[in-house]
Each structure stands twice: as structure tokens, then as C-alpha cells.
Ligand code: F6P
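We begin with a single chain expressed as C-alpha cells, specifically the form predicted on its own.
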């Protein structure tokens, strides 16, 4: 693949532009395409001796703020032009770029270079809300309370919304749902270098490092009971501490858990060993709800509800507990939870999910393409975790011990 290209990210804050840009950059680099990202926000923070996180800084009526942001944009365009002139192939301009005048300025800066405008949307309110909550944990908001930071960021978004002009006249443009990883619209008026590859990257899940962990031993595990909200045993706490020690030298910025105590307790020691690690509990990762069988042992079900035990043995994946769930029926919500994980995670960061045996089996099956009848039997121990890495050039699936003596 040859040629030069300017990729222009477009969209409101917190819509996944930077994550998408990093995914494009890393994958193209793996293809041997010299690529670089030029992020206006990063440059703005470096150029200003003052904190520019205040929402008023982004007001269209703030002449000083507008002038400063235009200087930042111009400098980044110069840097991108130098990069391309000095042998670079793809320059990714990572900024909101919500006005036609800003986008026209970009086009005139690179008159001889093809452009591709990529507009990121997200119509999922829950995922957007969670992303905003993560955004306000950034260092630039450290002088504010979480409530103050969120209110300030929402005002910033409102300022951008007031001047937002969606893509419509740009000759080469793609509209992407960054939550669903799908292309909603596209228009290409002339040949765009790497275009087929870019479309593939935009719609493909790329995983740098996903650590899929099952919670530690619980009291219900000892009694062979299903469901419930049991706490960790002493052994389970020890497993959690061993896991924290194992990951102490690896950066884990977010741990995704279920709403249940056992996953939150497993995450606690890991968070304590990390620097600025947050926990996001997703109800989509809650374990199968066993309905009328919640809290029962498998032996009790076999003896008192023989019809349940018999039907479940016939097709464990498609069976649904009376007034409860099954593997198949919870598949959709688990898929949705995984979409949230990828949307909320910056592409260049490690991902950790602390979940449950059945839920983790469904997650793993999404990457392994297992036959559905095999999914309820995927090995999911409490003293090992799955490491998953997927990019266009290789796939890694490893089951790694972190304390074999802990059983």
C-alpha cells in the first residue's frame, strides 16, 4: 500500500474519536504504514501554563479561548504537514473539528494530499454517561469535585453542540457508530489510499491486552450453590491478593466487574496495587440468574427438581432456569457489556474483566468462535486467567496461572 493520506476525526467530545484514532494508527503501523496522531487536546495542555479545562474556555463567545485554540490547531497542522513531507504516510488529526470552516482550513493546508473525514457518533446514552464519568477523572479536572467536573464537561459539550455542523459537503467521509463499531454512511468521491484497510479497522474489534478473570472462591462455591451474592472465603481473598501481586507491575487503568460482591472484592486488592485504577461495575456482566433455583445446590436441584436437571442436561446452553436465565438468553446482554468495555477503554490500554464462570465463558466464546454446545464447558478456574490479544497479524489466547498453590 502506497500514498499519503490525512485522516480527520470529527465529533463531539467523549464520542470515541481518540480511541478510534489510536486503533487506526496502531493497525496501520503494524501494516508497515508510517502513521502519526496529532491531538489538539494534548498540544493545548502542553502549550498552556494554566489549566484550560474550564468550560468557559471552550465557549464560542470567549474570543481569547477561540484564538488560543486556533493557534493550537494551526501548530498541529504544521506538525502534520512536516511529518508527511519528511516521509510519513498517514497523519491523523484528532480533534473535534465540528465546523465546516475548521475542516476547510485543514483541506487548504494539504491541497495535494487526499483527505478522509471520519465522524464518530454514539447514540447509546448509558455508554456515553459512563464515558463522561471516566473523562472527569482526568488530571485536568483534579481541582474539581466529580460533580463539578461532570457539570463543567457537559457545558463544554454544549458549546461544541451549538456550533456543530455534521459532515455533508466533504468529498470523502465516513459516519461511524463508535459504540457499535459499524459504518452508518460513507461517501467517497475519489481514490483514498488504504481505504479498504481503514474500513476493516473501523468495524473490527482489536484487542491489545484483555485479561479475563474469574472471581475468587466464595462460600457458595464451597457449598456448590448457584447464584446468590456470596462473599469471598479466606482462600478467595488470598487468591485476589495473589492476582493483585501478579499484576502489580502491569498498568491496569480500569477493572470492569459485575454488580456482585464477589467480583468487587476480587478487584479491591488489584486496585490497591495500581496507580489511578478505577472500577466500573456493569450489570451486563452479572452471573446467570437461576430464577427459582437461586441459592440451591446442584444436588438439591437434582433431587427436588428432577425435570430441571434433566432438561438442562439435554441442552445446557439453550436451557433457561424457571423464571430465570440461561447461557443463550443472557448472550445479548453480555455482548452489550463487552461493547461498553471497548467503548470506555482507550485502545492503547490494558483491559481487565473480573467476572463469573458462565459470563466469562460467553465472553471467551466471542473470541474463540466455539460451538454453542461447547460453551457451558469452557474451563474457567479461579487460580488462572485468560489473556487475549487480537490484531490483524496475530491472535493470542493464553490460560495463565497466578498462584497454582491456591487451587
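Residue numbers count along the first chain shown, from 1. Here the structure is a predicted model, which is why all the values come from computation and not from measurement.
The next section is about a form of this same protein that is not shown, the form predicted together with the ligand.
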Tell me, which of 199, 316, 328, 336 has a heavy atom within 4.5 angstroms of the ligand in the model of the complex?
316
Considering the ligand in the model of the complex, which of 173, 214, 103, 156 comes within 4.5 Å of it through any heavy atom?
214
Decide yes or no: are 221, 226 and 288 jointly within 4.5 Å of the ligand in the model of the complex, with each residue judged by its heavy atoms?
yes
Only one of 337-345, 351-359, 24-32, 38-46 has residues with a heavy atom within 4.5 Å of the ligand in the model of the complex, and that stretch is 351-359
Does the 4.5 Å heavy atom contact test between residue 298 and the ligand in the model of the complex come out positive?
yes
With the partner left out of view, is residue 65 within 4.5 angstroms of the ligand in the model of the complex by any non-hydrogen atom?
no
